Every structure is written in structure tokens, then in C-alpha cells.
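First comes one chain, alone, set out as C-alpha cells in the form predicted on its own.
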Amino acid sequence: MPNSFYIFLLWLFSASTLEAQERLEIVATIPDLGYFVSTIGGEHVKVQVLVPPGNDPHSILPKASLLLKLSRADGLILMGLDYEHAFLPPLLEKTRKVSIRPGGVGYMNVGERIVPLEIPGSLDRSQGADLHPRGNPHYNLDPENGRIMALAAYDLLVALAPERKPEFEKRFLAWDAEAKRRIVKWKTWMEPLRGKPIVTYHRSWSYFVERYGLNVVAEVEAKPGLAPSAKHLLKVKKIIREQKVEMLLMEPWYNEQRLRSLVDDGVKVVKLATTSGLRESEEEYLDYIEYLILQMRDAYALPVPSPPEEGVRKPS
């Protein structure tokens, strides 16, 4: 082959290598945060997510593979409010990347921007195994907080690559405009469910029910993080009958077998992940929130809202 062809191949390889090196490597603790970074950063970022979709964050262990991801990262974006307490603190202690530790230019703790719900008055372990002294960390389930998360991702990227601010800003503003449009629509969709009594398994849904006015009348866990006793389940069953509860929300990692007696009362068990990405149709945060809302409407036999809009899917 002519030397010019080899030169071309060398140039092509060098260009692709340089482009890969210029991409910011960002570690996000949950899929929602990874989505925001990818959406706003576009081709300028490479994102690694520590908690896979549909997994309990409290079950994640501080493994060497996670430490390796952090060691290569330019930035870290996390939920905070002790969401990642099971694995992140020991990893940050071991990493040599000062820039992704608290106070570093590549560190973004989104929880510091959130007004938290359910800050405990005391930290008595008799109250449960899953206590969060800074408040409930599942704020991503309120789409208004999703906008705060997106802005935090934008701020992190601008701090790491200020020369690309115009591109990041354009993407952020476009996403935020779509988010505001959908939030208005979702308020209308959820209005028929305002005040409806529901039961939840774990205390993951507080921000969602607060946003849309649902009424949590009981929790399957008598205390956060502890399996329910037979006595407590009888108490929940009684509440379900008295309050005429039709829906029980639970995360996919909990054991549905414990709920047989409650299901016998005609309650629809709706299994929903607490982050996006579990299904291909829910990889985008806004599609994920919309899926939650459609699932809840479906649980109460409400029709898919009309007129049909692009992106609206009937619950499966």
C-alpha cells in the first residue's frame, strides 16, 4: 500500500484517540444522574453509573471495580443525603483523586441543593435500620427536583470544561423547557388521584406523593429497612380494608410473597423502580416519570390521557 494510506490511517487513529482523551469521564451514582450528564454533555462526556437500574442502593458494596471507575473519573455526581452511604464513603477514602472528593472541582453533591423531607428528630436505631439523618434521599421522584439535578449536572460540566459552556447551556435549556412542559401536563394527569389512599412498601415515594397529593396511609415496613412481621401485616390489611386502598407501591427488589394476604383484598401491587433505566423505554428521566404516572393511573383504571401525544405509552 502507498505510504500516504498508512499516514492516513495513523492520522485517523490519532484523531480518534485524541477525541476520546478529550471526553470528560464522569461517574454518576444512579442512572438518573448519569442521564442528565449524558444529555447535557453530549459527545463530550463518557458516563459510568455505579448503581445499576432497578437495584437497591443499600445493597451495593464498595468493590474494587467501583474504585477503578472513580480513579479514572474527571468528575463525580452523587445524590447525597446518605443515599450512597453503603458504598461511596469508603471508596472516596481510598481514591487518590482529590478533585472528586468533597470540595474538589469535580465533586457535585446534588443533595446539598435539595430541600429534604423527613429529617428525623433523633437517630435512635430502634426506629429502623435504614435511617437518613439528613432527610429522605429519594428526591429524584419529584420532577421539579429533576430540574435541580439537571442544573447540578450542567454546573459540574461547566466547572470541568468552561470552554464548552455554550454547548452545555444550549442542551440544558432545551431539556429544561421540555421538563417544564411535561410537568404542567403531569399535574393535570395526576389530579384525579389527589387524596387517594395508597400503601407503600418502603419510604421511597415521599417526594412523589407530596408533589401529586397522594395519601400514604400505611407502609409494609413497620420500620424503614426492616422486614414486616405477621402482626404488622395484619395491621396493614386492616387499614387497607378501612381506607379502601386500591394500590400498593413497591420496589422490584423486595419480596412480593409477603404481600399475598394484602393482594387477596383486591389491592393492585405496582412494582416500580426508584430510578430510570430499568426498561429501554424508561432510559430518559422524563419518560421514566411519565411511565410512573401512567402506571398509577392504570392502577385506578383511568384511561391513557388523550389526545395521544408523542412519547406517551400505555403501561405494560
Partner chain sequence: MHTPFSKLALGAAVLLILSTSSTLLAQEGQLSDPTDALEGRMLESTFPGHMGRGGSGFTSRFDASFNPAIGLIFDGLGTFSEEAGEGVDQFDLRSVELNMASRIDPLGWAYIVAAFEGDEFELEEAVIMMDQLPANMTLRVGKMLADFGKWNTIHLHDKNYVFEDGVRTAFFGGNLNATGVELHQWTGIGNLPIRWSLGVHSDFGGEGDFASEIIGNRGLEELGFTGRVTTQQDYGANGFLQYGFSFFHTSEGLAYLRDSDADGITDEEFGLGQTTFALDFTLRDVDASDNTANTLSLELWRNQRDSLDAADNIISSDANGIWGFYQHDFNPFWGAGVQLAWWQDPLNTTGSDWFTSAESGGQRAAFVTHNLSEFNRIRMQLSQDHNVLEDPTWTLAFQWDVILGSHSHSLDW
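Residue numbers count along the first chain shown, from 1. What you see is a predicted model; the values in this text were computed from it and never measured.
Below: the form predicted together with its partner chain, not depicted.
Of the heavy atoms in Leu67, some are within 4.5 Å of its partner chain in the model of the complex. Mapping the unseen interface onto this chain, Gly277 falls outside it, with no heavy atom inside 4.5 Å of its partner chain in the model of the complex. Using a 4.5 Å cutoff between non-hydrogen atoms, Pro162 does not count as a contact of its partner chain in the model of the complex.
In the model of the complex, at least one heavy atom of Ile60 sits within 4.5 Å of its partner chain.
With the partner left out here, its partner chain still marks one of 186 to 194, 209 to 217, 107 to 115, 231 to 239 in the model of the complex; by a 4.5 Å heavy atom cut-off that stretch is 107 to 115. Annotated contacts: Pro52, Leu91 and Pro102 all touch its partner chain in the model of the complex [non-hydrogen atom within 4.5 angstroms]. Residues of 207 to 226 that come within 4.5 Å of its partner chain in the model of the complex, judged by any heavy atom, are Gly225, Leu226 in sequence order.
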